[in-house]
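Quick heads-up: it's one chain on its own, the form predicted on its own, in structure tokens.
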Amino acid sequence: MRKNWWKEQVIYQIYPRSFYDSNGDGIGDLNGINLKLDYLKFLGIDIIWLSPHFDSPNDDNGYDVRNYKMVMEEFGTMKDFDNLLCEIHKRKMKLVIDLVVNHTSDEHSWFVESKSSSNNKFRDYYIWKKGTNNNPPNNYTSFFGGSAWEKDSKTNEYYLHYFSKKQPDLNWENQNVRNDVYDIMKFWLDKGVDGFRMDVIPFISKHRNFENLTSTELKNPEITYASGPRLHEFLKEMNKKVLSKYDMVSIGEAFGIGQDSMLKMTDEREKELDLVFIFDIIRIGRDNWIQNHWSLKKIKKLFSDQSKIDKYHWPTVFLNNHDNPRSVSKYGNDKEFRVKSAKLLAMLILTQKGTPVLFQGEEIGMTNYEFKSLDQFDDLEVLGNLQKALDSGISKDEYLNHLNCSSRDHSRTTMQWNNTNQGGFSTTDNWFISNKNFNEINVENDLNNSNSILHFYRNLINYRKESHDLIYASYKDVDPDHKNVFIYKRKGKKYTYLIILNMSNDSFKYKFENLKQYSLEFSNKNSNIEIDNDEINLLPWDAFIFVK
């Protein structure tokens, strides 16, 4: 297998708006990130992934770009960005920025021109269609509620938007659009950024017949939206014209695709992308806003599936990001076993096969926020889907209960740095909310406690980086059918690593043949472990790394 720096390093996602406010306006900014670089270096982070920092009216918190070559005023200036990039590189870290090119803001100059008349030279930069009997062109739905088509009164035609109506989809069939996107990419790569995380990149190719979706397809429209006929052609062209000319990493956010498409997109021989984020694990049990029960057996199969790769592929491993709830609240026990289960999840992420991706606050075990009413949410998806929820037969209270498990806003509460006002994020009122548990859960507390979640992450990150044998080792699920224990082997050239995770609130004995041949390397217990004739006594949320 070919070795690469992005296979061996750890990615840390920053949601700038919620990370750290340096100027007291209640909004996180680039200088705030700069002030925390030494903290990230101490943690062991190699690659920072920065959510969109471009000029934007912020209908969708920066994922609606107005100008790709300007910095969002709330975040600072281009000089601040250049300084941040310089300081990151000075610490031998790398910077990956978000590339949002399935759509733009409706305030982008391209769209302003496009909607001005039906014969404007930018008309074909977006997807315009005539309606049918005074209705939208088809029954495509937006992820933020309602139709994916918006009528423009000036030309009496509809434009396509998979997300907000202020996020019109670009027409990638137009070569000029693609060339302009490549120019944007070169602009940032020439500045020195080390790669892109490409937002909803499988959606760039559309099915040009725009036929109505069936009732089954309407339940998960992303599957159709991500299966356009020219996707791989567009990615190959992007790679040939831009990506292949730089020492960088390309990461596709691949909502809507499964294992097979992921393998094609990341096959080194295909020359498309290096990595993709697929959502089978992070969205397990999800049905739109509803979080259903999930089983450990299913999660284990998903990890095994993505690890069954040949030398031409490499997966990513993550349980958190800005679009999903907090991992310790979903996969762990954020009440009586918060610390222990958060450490277990750290071990899971950092010992799997693939590049680990962490999200801000994960390293201190930040939890979901308990929302009391719908008007507390910032995410436009919440109100956008309210009518759809009510039409499905549930009440507003039931909708709120589901959102308290599934909402994107859980990950967007402000970073908890210390136990001062608003968790030390800002000296004034925040743009959003701070979790009320910041007095207990914060970076300063964890830094001062050698047994904290943060130090556990730091130690494991350093252990992983020093263990190339572990990074490139094979993967095998030892007991895929056990309902509580996740136990797998990573077999390298020199060592074999055995990871045992009790992902439950139960205590029991587990027998593993020849366990005494292994030595214990890591544990999330503060007490001795009990092994008797290859039988290990597992307490709730116990986690171990054994090596031989």
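Numbering starts at 1 and follows the sequence shown. Bear in mind that the values here come from a model prediction, so they are computed numbers and not experimental data.
There is also a form predicted together with a small molecule; it is not shown, and the following applies to it.
What is the one choice in His161, Arg197, Lys343, His410 with a heavy atom within 4.5 Å of the small molecule in the model of the complex? Partner contact (heavy atom, 4.5 Å) among the options: Arg197.
Sort through Glu74, Asp323, Asp274, Asp80 and report the residue having a heavy atom within 4.5 Å of the small molecule in the model of the complex. After the contact test, the surviving option is Asp323.
Based on heavy atom distances of 4.5 Å or less, which listed stretch (149 to 157, 197 to 205, 259 to 267, 302 to 310) is in contact with the small molecule in the model of the complex? Every other range fails; the passing one is 197 to 205.
Taking heavy atoms and a 4.5 Å cut-off, does His103 contact the small molecule in the model of the complex? The answer is yes: His103 has a heavy atom within 4.5 Å of the small molecule.
Wondering, does Lys388 line up within 4.5 Å of the small molecule in the model of the complex on heavy atoms? No, Lys388 is distant from the partner.
Non-hydrogen atom contact Tyr497 with the small molecule in the model of the complex at 4.5 angstroms: Tyr497 lies outside the contact set for the small molecule.
Answer with yes or no whether Asp60 is in contact with the small molecule in the model of the complex, where contact means some heavy atom within 4.5 Å. So Asp60 counts as contacting the small molecule.
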